[in-house]
Each structure stands twice: as structure tokens, then as C-alpha cells.
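First comes one chain, alone, set out as C-alpha cells in the form predicted alone.
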Amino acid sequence: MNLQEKIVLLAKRRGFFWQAYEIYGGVGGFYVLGPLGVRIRDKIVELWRKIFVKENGFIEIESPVIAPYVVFEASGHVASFKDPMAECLQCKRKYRADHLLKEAGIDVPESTPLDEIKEMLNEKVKCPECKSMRWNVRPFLTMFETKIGPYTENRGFLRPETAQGMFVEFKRLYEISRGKLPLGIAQIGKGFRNEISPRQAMVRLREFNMMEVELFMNPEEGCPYLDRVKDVKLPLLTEELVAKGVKEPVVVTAREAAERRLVKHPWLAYFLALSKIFLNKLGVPDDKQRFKAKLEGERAHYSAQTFDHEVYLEGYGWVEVAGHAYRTDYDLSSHMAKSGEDLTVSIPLDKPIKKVVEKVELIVDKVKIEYPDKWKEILKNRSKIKIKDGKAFLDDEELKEGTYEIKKQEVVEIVRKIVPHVVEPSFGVERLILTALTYAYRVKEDRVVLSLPREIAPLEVAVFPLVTKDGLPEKALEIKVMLDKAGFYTVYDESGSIGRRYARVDEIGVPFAVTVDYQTLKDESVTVRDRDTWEQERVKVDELVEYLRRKFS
């Protein structure tokens, strides 16, 4: 049994996570977070919020998980959010084609044409179910489609990312934030992807929790926070190294990555550094992390540069836990073109600029005569009229001669309008839970110990009476209530030997165990046992809260 299999069994037995709908045989790609899973998720989320949101002064929103078709049409997801699906022509089972090839030892770029994938499958890969080598391959849209309301034509999708909710609300949020750039907007919530054949437990899911930031900025300006992380070392597999097949990353500081243009914008270097710090706090050492660039053709349709933050998980190999993308102005420009809304921002100029501009003035009486059925619509949309080659156009339709005049006027510009560029760090929470459990799992004297970092331990203090008599349980419960009121997450256990109880809480990662014994009744002191060292220390009850707070800080 490999490490990941052991973790999955432990997670199911102790209440971290397990496959959903077990009584009906389970459904691939859906997992339940149990009591401990919910707690560790919340702690990971709060740690991320502290590092990526609070300490940067960003704002946070919550948008709907369902969006109308037009949102994902404008964003490019309808056309591009597809995976290659392989169907066995004999047994009709369906799999993700590139995953079948990878399991056969064949790595194919994401940009590989479908006919080439089909040819490789038919030559080299047997169906896992029936062993046939007759395959068909076609694109599969990996978004869950739904209907909004009772009208069948009102199509929508469950969001595959939280990002679009931040893009379509940018104008409102920019105004609320008093028109300031850079503007960081965060969102934490559910994402949904209709995976073809989800595998590897919590690695590839159909419903999952995401944490994302969209950082809107002027591309000509740097990152004011880069000095905070300038010396953080980043293990980068750049596009050049990936293209050459190099496996060993180059290690540079965040500042060097920005100065040498290994990353396309300093904000991207900043977020890579924060991501590394965050994973360190989850227990992942430096040598088990890397940032791997995606090559052109493999990147998402909106990205000019993407680095996958990968961690090494024993049993799975290198697994992506976060994606860091430089999305340029793609999203805002696409929504601006589709919706007709102006999503530009005004940037003050150092010096005023004089320029001559052309402006269309409608001759209203002529417009009414020439357009008796649509003159109101033309007047309403006069701000959208464009000038091209000395002629006026509305929605690519040339206005009739005589209905307008083009006049020139001198203006003084003190600002210029730009479409902000965006850098995005995006994290999958379930993968982070699995990562934290993987690096916490160890065996000591035939016992499983989850040495979770104290900041994300789902339960923080266990309270035990040594025996279940002579007033020890009552005193132990009194101490538990005291710790609860002080803000600690506690667990009480009085069943079995004290050794078995220590073993049970070690297995779920509780950092400290407080034992109430007969000496407690004499001098108001308890023993505090450390999960990782198994060392015990005698502490006065009235000093216990402050003692534990020091330990957790």
C-alpha cells in the first residue's frame, strides 16, 4: 500500500474526507469533507486569506456560481474549455485521452491535434476495461451546463473558476474602491468542472473549493510590494527549460525573476513568492516545490504566461496545487466588446497633451426621416458611433449620408484610458488538504502521527482525565470549557487507556494533549504532552491558556 492509499484510508476512517454517495456505489469526482476536513479546509482558507488578501489590502467578494451563457461565450470558455475525450469503440467506455497516454508513458503537449492523439492511442494504448485498441477521440466541453428559469433557451453554466465573477463586476468594484489601481479582488468559493474521468482521490474533482485573486493593474507600473519578498528563492522551470526537456529548475530570487524577465510582470514574481511561503506554512519543504511554465499552445486561451505551482506528492509525482497566470487585458477587453460597457480606467498623465479629435454630430431631423423605425435607437446609442475613413458607423453599419456631420475639435487630455491588465494566483483547496496530510504523515514506533503545522491543525488541544472516577472527568471537562471559551478547538476523550487516547489524537494531528490526574486535584496543575516530541510538561491550570497561546504563536 503506497502513501496516498494510506492517507485516503486514514481520511475516510477519521473523518477528513471520503467519496460521496457511497451507499449508491459512489460517484467519481465528488467527495465529502467530514468534520475534520471542514475544519482543516477553513484553517487553510484563513491562512491563505491572511497571506494573499489581508496583508495586501485587497478586497473580497462572493458572486453566483451560475452564470448566463453570454458570460462564458465572451470569456472564450465555450470555445476553448475542452479536453480530449477518448471513447473505446468496443466497450464504449470514455476516458481523458492525454491521461491514457501519460499512463502508457507518453507525454503529449496540450496543443497536440486530436487526430495525432487518436493515432497514438490506436497504436499503443489498450482500453483499461476491455483491452481493445480501437479508439475515437473528440473534444469534450468540461463545463456543467444548466437552464436558468423555465425557458430552455436561457442557458447557463456552473462556473469552472471564480474569476469571471470578478471580471464582470470590475466596473462596480473599481468605483467602490474610489478608482484606484492596483486593485486586488479575491474570491473564495466553489468551482465545477465536468471531468471526463476523475482520478487520484482529491486531486481531480468535479466540484471543488477555489481561492483566487484577480490583480488589476497598469502594465507599465511595477509591483510596490516586491521588496517584501525580494530574497525569496523561486525554483523556476521556465518556458525555455521546459521546451528543452530540462527537469532541474533554475533557482533565482523573486527580484531576479522580475529583473531578468523570467516572469513577464513583477506582480507575477510577487505572487509566486507568496505561493512558496504559503506552501512552506502547509509543511512543504523548498526542495519539494517548483514553478513550471506552460508552453505556448498549452496555456489557457486567456494567458500570456502561466506557471503551475507544483509539489511532489509521494505516490502521485509532481502535482499542480496552484496556477499563476498573466491574463493581460484579455478578460476585460472581451467582456467590454461583448457587453458594450466601458471597462477602461483613467490614468493621470504627467503632462497635459493637446490633440485634435473627430466627433460625430447627428442631424436629428434627418435621422428621423432616414430611419423612421429605429431613430430612437440610433440617438440612444450615439456614444457608440465610430468614425472610419471619414464615415460614421454604428455596430458596423454605415450611417446614411446627410444624417450626420464630422467635426474636428481641439481637446486637452490630462488622463489616458487603458484596459487594466490582470495577474491571477489560483489555488485548489482540496489539493492543498491532500498536500498538507501527505507532508504531515509519519510513523513513530508503529503509530501514525499527523504532524500538521499548528496553524492548520483541525483540532488544537485534547483534554483527558487520567481515569473516569474520583472527580477527574468533571475537572477535565471544566478545563475543556475554559479552553473552548479562550478560542481553542478542543476534543475530550475518556475512553480506553491514556496511551490509546494519545495515539488517537496523534493520528488526527492534535498538537497538544492536556491530562488531568490526581496531582491536578492537589496543586491545580496538568500535564501537557507535545504531539511530535511526546515530551510532557507540568503547567498550572491558571497559566494554561497563555502557555498554549505562546505555543501556537
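In case it trips you up, residue 1 is the first one in the sequence shown, and so on. Please read these numbers as outputs of a predicted model, since none were measured by experiment.
Below, we refer to the form predicted together with the RNA, which is not included among the displayed structures.
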Q: Tell me, yes or no, whether E169 is in contact with the RNA in the predicted complex, where a contact means a heavy atom of each within 4.5 Å.
A: no
(Q) I'd like to know if A67 sits close to the RNA in the predicted complex, meaning any non-hydrogen atom pair within 4.5 angstroms. (A) no
**Q.** 4.5 angstroms heavy atom contact with the RNA in the predicted complex for Y489
**A.** no
Q) Taking heavy atoms only, is V448 within 4.5 angstroms of the RNA in the predicted complex? A) yes
(Q) By the heavy atom within 4.5 Å rule, which residue out of I353, V467, I148, A304 makes contact with the RNA in the predicted complex? (A) V467
Q | Segment that reaches the RNA in the predicted complex - one of 195-203, 228-236, 374-382, 340-348, heavy atoms within 4.5 Å | A | 195-203
Q: Heavy atoms within 4.5 Å of the RNA in the predicted complex is the criterion; list the residues of 283-307 that meet it.
A: K294, E298, A300, Y302
